[in-house]
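The form predicted on its own is given below as one chain in structure tokens.
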């Protein structure tokens, strides 16, 4: 596969030697894994995929994540449990009303997050495929948590050593004022504790592991922990660590949820926008958390 560095802080674009609609060779799978370990963000342009083709492509990189459907299943538009519907469309195929749950999900996606950080196993790769784009906006931004960790001062690195953060699935929804979940939905995914500083087992490189799902820090009061998480998030999403992707139909962006954050950007909710997300689980990750 040919590839080149992309404009921005980090990531690469595959420019040739790959057809996402066909089975990959072992060398191609290993090559993409190597690019992800080194760059955390891979872009593939102008290769439209059906839902079935996207699922087949994603499965070559590991078991698929369906944990997010435990909370949003009752609002699902797509039948496939392994496919995340990143759209503003109702079941009639038209933009949903602003009071619809999927519009809340669109707005929540505009907060910096790592997919499924609130569960164990958490997500490894997410693959977002563009189907329909609005006339303006709707870009996706990515933050490099490896570079953000490297740029921390030694005092902060020492303070973070050994500390963990609790990630909860509905924390971002509560921040947006949505408290309409019943007790079964609130309990569907139990909070997960993760080290704030993790290590890529393939490269040994350290990176932050934070985001809007994180709501408290071990051995700190809730207010002190939340201020620490807010400061780290502000640092990690500084412009020098950010790549902004402008979508074209047929684009696929793959990112490593362990070492990046992402967020969608504002667009006209009255215009159709549709992306499909498939996600693999980090099922071979070592058990790093000490908290229950």
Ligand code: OGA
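Numbering follows the first chain given and starts at 1. Everything quoted here is computed from the prediction, not taken from an experiment.
What follows is about the form predicted in complex with the named molecule, which we do not show.
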May I ask you to state whether residue 140 is within 4.5 Å of the named molecule in the model of the complex, using heavy atom distances? yes
I'd like to know if residue 115 sits close to the named molecule in the model of the complex, meaning any non-hydrogen atom pair within 4.5 angstroms. yes
Would residue 218 show up as a contact with the named molecule in the model of the complex if we use heavy atoms at 4.5 Å? no
Find out whether any non-hydrogen atom of residue 109 is located within 4.5 angstroms of the named molecule in the model of the complex, and reply yes or no. yes
Just one of 62, 264, 31, 225 has a heavy atom within 4.5 angstroms of the named molecule in the model of the complex, so which one? 264
Taking the named molecule in the model of the complex as the reference, which of 212, 192, 169, 128 has a non-hydrogen atom within 4.5 Å? 128
Only one of 51-59, 235-243, 22-30, 256-264 sits within 4.5 Å of the named molecule in the model of the complex by heavy atom distance, namely 256-264
